[in-house]
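Just the one chain here, laid out as structure tokens, in the form predicted alone.
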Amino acid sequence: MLRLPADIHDKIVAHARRDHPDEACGVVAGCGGLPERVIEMDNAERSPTFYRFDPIEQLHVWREMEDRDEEPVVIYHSHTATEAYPSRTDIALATEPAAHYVLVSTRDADEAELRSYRIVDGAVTEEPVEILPG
């Protein structure tokens, strides 16, 4: 189960809406599996159907997390026209087995669908998301 503080949930959804019609992407850093800090990243593809972290930016972000004794607790991105479910490409690019992979669908202007998955060795398992006060 992913326990996500409401303020982090709101920041992820706001980022997804702000970057629409392109896919948004980023990381939530934390310690001990607890999501603590949203790091919005640029979608190097600037595409409504695909995202890719800029390799230089990703290197800087991962180094900063390491310097702060953090880990990527959540890796998130948005889908702009489809449901919040990992595509074949998303599954192939999932390289952090301990991370929660969060997808936000912005296809509905009035409601953002946020779902979380574990992706390990190509196997996708949806998990419940509990939104915590804060």
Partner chain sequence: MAVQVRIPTILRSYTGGEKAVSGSGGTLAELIDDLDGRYDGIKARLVTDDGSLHRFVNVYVNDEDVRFLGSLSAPLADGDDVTILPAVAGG
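Numbering follows the first chain given and starts at 1. Remember, it's a predicted structure, so these values are computed and weren't measured experimentally.
There is also a form predicted together with its partner chain; it is not shown, and the following applies to it.
Colleague: Report yes if all three of 52, 59 and 97 come within 4.5 Å of its partner chain in the predicted bound form by some heavy atom, otherwise no.
Modeller: The answer is yes: all three residues contact the partner (heavy atom, 4.5 Å cut-off).
Colleague: Even though its partner chain is not shown here, does residue 36 get within 4.5 Å of it in the predicted bound form, heavy atoms only?
Modeller: Taking the distances in the predicted bound form, the answer for residue 36 is no, it never comes within 4.5 Å of its partner chain.
Colleague: Report yes if any heavy atom of residue 68 sits within 4.5 Å of a heavy atom of its partner chain in the predicted bound form; otherwise report no.
Modeller: Residue 68: no, not in contact with its partner chain in the predicted bound form.
Colleague: Would you classify residue 75 as touching its partner chain in the predicted bound form, given a 4.5 Å non-hydrogen atom cut-off?
Modeller: Flag for residue 75 set to yes.
Colleague: Using a 4.5 angstroms cut-off on non-hydrogen atoms, would residue 46 count as touching its partner chain in the predicted bound form?
Modeller: Residue 46: no, not in contact with its partner chain in the predicted bound form.
Colleague: If we check its partner chain in the predicted bound form, which of the residues in 66 to 94 reach within 4.5 angstroms of it by a non-hydrogen atom?
Modeller: Stretch hits, in order: 66, 75, 77, 79, 87, 89, 90, 93.
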